[in-house]
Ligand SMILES: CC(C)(C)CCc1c(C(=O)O)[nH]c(=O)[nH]c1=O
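Next up: a single chain in structure tokens, the form predicted on its own.
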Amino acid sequence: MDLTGQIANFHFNHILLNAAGVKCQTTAELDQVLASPYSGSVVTKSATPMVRPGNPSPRYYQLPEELGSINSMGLPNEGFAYYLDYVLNKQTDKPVFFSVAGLTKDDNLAMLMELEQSDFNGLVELNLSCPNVPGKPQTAYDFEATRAILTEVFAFFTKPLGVKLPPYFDMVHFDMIAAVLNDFPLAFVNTINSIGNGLAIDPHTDTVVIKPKGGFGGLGGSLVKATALANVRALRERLNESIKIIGTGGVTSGRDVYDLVLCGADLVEVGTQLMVEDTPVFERLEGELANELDKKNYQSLAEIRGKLQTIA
């Protein structure tokens, strides 16, 4: 059975990988994801120019299984140079994604320039969608700002580049972001990042469950699946065919992976469930995905990718 994917000139023998906020901050965690026989790739923690501790704890909370998680991590990471050293020296036959998330446009441009001038030969993800940095808006909700930074980036950047997007909730916004993205030679988009600024309450203490931002945080896991499916579907219908899609959000089963592919995803990232199960989750999800395909007599993901049917 063919459970592979393709982005730009990169072939992925498996379509599952970690989401950029999970199991990828240290070299040990990155190695662990790459070592899984069922991961297709690894994406680094979204890097800022310097080491960043992130927000104060508690900043991650596991909600009941049928819901998911809430977090306000605040982009903790080991700094750009740490991840650049890792990707330049790591020997692997799997494609690697390098994620960057500067707190300013100049931060992003400087990191991308260094990547452009380096020997890194993988894929680069420009994260325009972190909802958990106090005082910093999500760039990709500002369509003019998104166009402006991509214009500056592609004035010099020649390596395969994609963007990580926040969830959109209005059909007009799907049209607007697609109109921007289609004007650039993007290799992929990653949709969705967590749904920003949710709130959860501990019924035993009547307090919020995370400390930063008064308890407001990004939602992930089961409860965001419908939003993830909608964003993958809406963008696949609007983006240039050459722009591939990484579907992220709400994956707890092989059927969830199947549904994201059905909506048009080329690869699928796992976040909350990876936190719960660690890297063995990749084997379970791929096995369940294969079972879903087999039940419908499909032999490859290509037979279902983007083939979601509507009601006449």
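A residue's number is simply how far along the shown sequence it sits, counting from 1. Quick caveat: nothing in here was measured; it's all calculated off a predicted structure.
Another form exists, predicted in complex with this ligand; not displayed. Remarks below refer to it.
Ligand-site obstruction classification: this ligand, superposed in the predicted complex, backbone or C-beta within 2.4 Å: Answer blocked: 3 or more ligand atoms come within 2.4 Å of backbone or C-beta.
Answer range among 113-121, 180-188, 69-77, 142-150 for contact with this ligand, defined in the predicted complex as heavy atoms within 4.5 Å: Of the options, only 69-77 has residues within 4.5 Å of the partner.
Among the candidates L223, C130, L161, A234, the residue which, in the predicted complex, approaches this ligand to within 4.5 Å (heavy atoms): None of the others qualify; the residue that does is C130.
Stretch 135-153 - residues with a heavy atom within 4.5 Å of this ligand in the predicted complex: Not one residue comes within 4.5 Å of the partner.
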